[in-house]
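Starting off, we have a lone chain in the form predicted on its own, written out as structure tokens.
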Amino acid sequence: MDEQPASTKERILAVAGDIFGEKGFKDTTIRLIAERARVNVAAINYHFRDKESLYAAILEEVFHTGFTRFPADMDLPPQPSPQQRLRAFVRAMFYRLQSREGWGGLAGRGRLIARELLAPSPAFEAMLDRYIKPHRDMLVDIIADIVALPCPREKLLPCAISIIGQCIYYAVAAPVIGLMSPVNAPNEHNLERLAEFVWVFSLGGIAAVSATITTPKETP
């Protein structure tokens, strides 16, 4: 069966995402998007109202696609241990950030994500609330299950931020990492191995943090 041609709205989203990633929000114009998408400016205004709304729609599409294709529980066995849940979470982040089917494969839109991670726009706040914070909370829950000791979530939150930070660093600093250590360059062939390393490394860090947790003494 022949593929159906993309709708005008889909074509605008695809083209605008690449341009925003290439040039950034400020230097992207509606006229340039219209020219590359081969539509008139009125069509963009009809579907998205203005540049801010178009940008927000692109962010929503990119985040929804990434988190849908690579959910935090992907490939988990039945009744997984918290350690296995952590491994799945890290793998999902690596594939979401860097694989061709994730944001690494979205060309300009991949760069758009990198721009937002380094300098969040006002539109990013909605993505933070809808996607990132719930996954942060999920990760804290996983870490709490691994620690298996009474512990304030505030003490476990830095562990979650550290794990997320490792995954993001491999994505945004991929060229530098490749120069420092070509064998460890984050690319499609290395994702499994690097995700496995971050998982093991993070388990060690969680164990070290667990050793600092003191449980309340029982009263006689």
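For every residue, the number given is its place in the sequence shown, counted from 1. Note that the structure is a prediction, hence the values are computed from the model and not measured. If you superpose the two forms and keep the largest set of C-alpha atoms that fall within 1.5 Å, you have the rigid core.
FYI, the form predicted in complex with the DNA isn't displayed, but the following is about it.
- Contact annotation: residue 192 falls outside 4.5 Å of the DNA in the model of the complex, judged by heavy atom distances.
- Put simply, residue 188 is far from the DNA in the model of the complex: not one heavy atom of it is within 4.5 Å.
- The closest non-hydrogen atom of residue 169 lies beyond 4.5 Å of the DNA in the model of the complex.
- The closest non-hydrogen atom of residue 35 lies beyond 4.5 Å of the DNA in the model of the complex.
- The partner is not drawn, yet in the model of the complex one stretch among 58-66, 170-178, 26-34, 152-160 has residues with heavy atoms inside 4.5 Å of the DNA: 26-34.
- Along 148-181, a non-hydrogen atom within 4.5 Å of the DNA in the model of the complex is carried by no residue at all.
- In this overlay on the rigid core, residue 65 has a C-alpha that sits less than 2 Å away from its partner position between the shown form and the other one.
- Residue 29: CA moves 2 Å or more between the shown form and the other one after rigid-core fitting.
- With a cut-off of 2 Å and the rigid core superposed, residue 184 has a Cα displacement that falls short of the cut-off between the shown form and the other one.
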